[in-house]
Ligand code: NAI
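Only one chain is included here, represented as structure tokens and corresponding to the form predicted on its own.
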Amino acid sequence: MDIKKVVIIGSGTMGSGIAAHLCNANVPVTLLDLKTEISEKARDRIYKSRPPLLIDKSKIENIKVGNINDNFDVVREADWIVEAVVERIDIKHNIYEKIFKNRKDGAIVSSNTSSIPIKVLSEKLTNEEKKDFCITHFFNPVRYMGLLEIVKNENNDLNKINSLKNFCEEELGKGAIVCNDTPGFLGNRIGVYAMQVAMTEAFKMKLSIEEADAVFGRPMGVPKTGVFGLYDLIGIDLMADVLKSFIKELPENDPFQPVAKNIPLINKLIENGYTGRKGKGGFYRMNKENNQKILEAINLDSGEYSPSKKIDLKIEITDINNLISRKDKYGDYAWSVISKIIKYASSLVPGITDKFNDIDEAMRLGFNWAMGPFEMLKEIGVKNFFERVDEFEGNKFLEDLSKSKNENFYGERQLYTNIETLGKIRPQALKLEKNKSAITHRFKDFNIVEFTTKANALDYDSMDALKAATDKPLIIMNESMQFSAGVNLTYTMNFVDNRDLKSVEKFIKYFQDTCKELKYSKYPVVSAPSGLTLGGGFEVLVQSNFVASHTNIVIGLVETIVGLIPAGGGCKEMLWRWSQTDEAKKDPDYAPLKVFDIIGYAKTATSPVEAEPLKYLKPEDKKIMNRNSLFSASKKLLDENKNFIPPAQCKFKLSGKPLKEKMVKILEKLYNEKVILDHGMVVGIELANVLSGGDTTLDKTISEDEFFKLELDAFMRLIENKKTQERIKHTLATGKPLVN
């Protein structure tokens, strides 16, 4: 069936998030609540939301608002009605009675509940009505979280369920996984269990919360908040309510029960208003001392706070085998948590789903794990796992695997989708090369380079991989959260601290040479970004020949924030793009002044629609709603460009000194208004020197290599400056900019 109109009842966080995402897909939606004013306020929140729920703010016009008393007749025209009201069953039953009296024949009705089973939600529906009723559990924030659980039971019309799944996958870009009606469904059942195991084992093994979060974080392939940080983010009181629901719904002998029990320290925190970030603090809190903000962490034994300590495990990337092989308390803790997660997840097959791969995908898409429990088992190795694991009696999956000892048990990934994804086809590739920062895969007639560092930051090894891979058509993409957050500043500052500025210069020059190689390669190069595409990451993208971009990107040149200027060709490429405009052809200073504004303010875009007016992306660049489709879209671009001809090198005619003086006047105004301080002025003048062409005049032509030299010289003068070094070190230590 076609879904052309949707009605959402309930305009809270989830209802408005779903409405906004339907807008992103150009699906007209009506948002109803008790009063029209409530719906109107929700629409205003959507419009102003940060991070933005809308890919394009003009799409807000796709949302109509109303109330359930005066405007309920819109339900008659809807193909899909989503209930997203408060988690009270009496209120939901009343809404369903009203919906089914008014809906058109065959319209799908779903609930966004995260905890109430279908059998309870639908107990007052007729058998015919139950066929069209299911749960569509979106994860928050709806635009950014890939997972959608479609929960069915034996009453459903499976054709209708599959039709809804296809719509949500193809039009909304979701990883739509169909699962059975069991407590917590897929994601929350495993995700919340994993959090509870990580927490209870930390108590049991006498780890500090910082130690537990350091292990149950990036080294394990879990977001860096860790377990205690995530508890604070979600809300300690909300987590307590979630656990009560699991305790109520699950059998007494379920392994979830012991880890869901009340913890006295948590009860005490909630009683005292320490409910996490939304309250006075939680496991972590910010305290002020001598006008300085200090992050404090709670002691799990005493309940007292003290300044938080940074724990460095010396593991920058996900490395489970290294983690569990450590002969220390961190290795013991990691093994205890991971083995329990694997045992629990495998015990639920086929109860919650007969495809164990779906559990992994639910954890990737809904919790941003780098790998799910079964991928962890595969990574550890079947033999190694069974040599260490304790009893697993009654776990049919593990019992069968322990007998077969099949190291290749995993089979194909991402079974829930028919799309040809990178994850599905990667096993067919030849692993051409792997270094510390990237992996290169060779297919029959093209290469793929995946960055593998923290936030996919770029260094020599990243450049080596890119350069070597241009011997065939090339796709640059990955499955991690970020495309690339830019050049590895820690790596760069190590050279600076050792007073080895020659190595910094050599690296930046190599970065420039690599980007030039990408742009003028004999074969086409496609970048397929998702997530952060900043600084050097953007410079790789902008010097690729083609782009297939996910709609969820944060893109831009942000180097001025850390006291630098783009030096991998970012200034050059942005200037070239703006110089192609009609305005630039009439006024030689138009393009440099535009780019001076964009780079100087470190402007970023949060979607391809926002990126186009800045010329970070071009109109012909592909914009993809479903991240799973990035691979097939990129491959199609290669197929369409078999007769690829590299672009002509760009050349510039710039005004030089008079143009630089215009830019300096802009800087002086900002300085006088205290928008920028002393070092902001220094950085701005260096940027002005580059974009004005340095020592040039309009009758001279600046080649691409000469422009690279301008960028490099400015970068080196800035990286030598103590004020820039202070900015970089402050940002690396705090994650926040320093204005100096």
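The structure displayed is predicted, hence computed values, not measured ones. Counting begins at 1, following the sequence as shown.
FYI, the form predicted together with this ligand isn't displayed, but the following is about it.
For the residues 60, 34, 675, 685, the 4.5 Å heavy atom test against this ligand in the predicted complex is passed only by 34. Think of it this way: in the predicted complex, this ligand has a heavy atom of just one of 549, 122, 112, 514 within 4.5 Å, and the residue is 112.
Shown alone here, residue 92 lies within 4.5 Å of this ligand in the predicted complex, counting heavy atoms only. In the predicted complex, at least one heavy atom of residue 13 sits within 4.5 Å of this ligand. Mapping the unseen interface onto this chain, residue 138 counts among the residues with a heavy atom inside 4.5 Å of this ligand in the predicted complex. Shown alone here, residue 571 lies farther than 4.5 Å from this ligand in the predicted complex, counting heavy atoms only.
Remark: of stretches 532-540, 329-337, 589-597, 78-86, the one touching this ligand in the predicted complex is 78-86 (heavy atom within 4.5 Å).
Interface residues of 639-665, taken as those with a heavy atom within 4.5 Å of this ligand in the predicted complex (partner not displayed), are absent.
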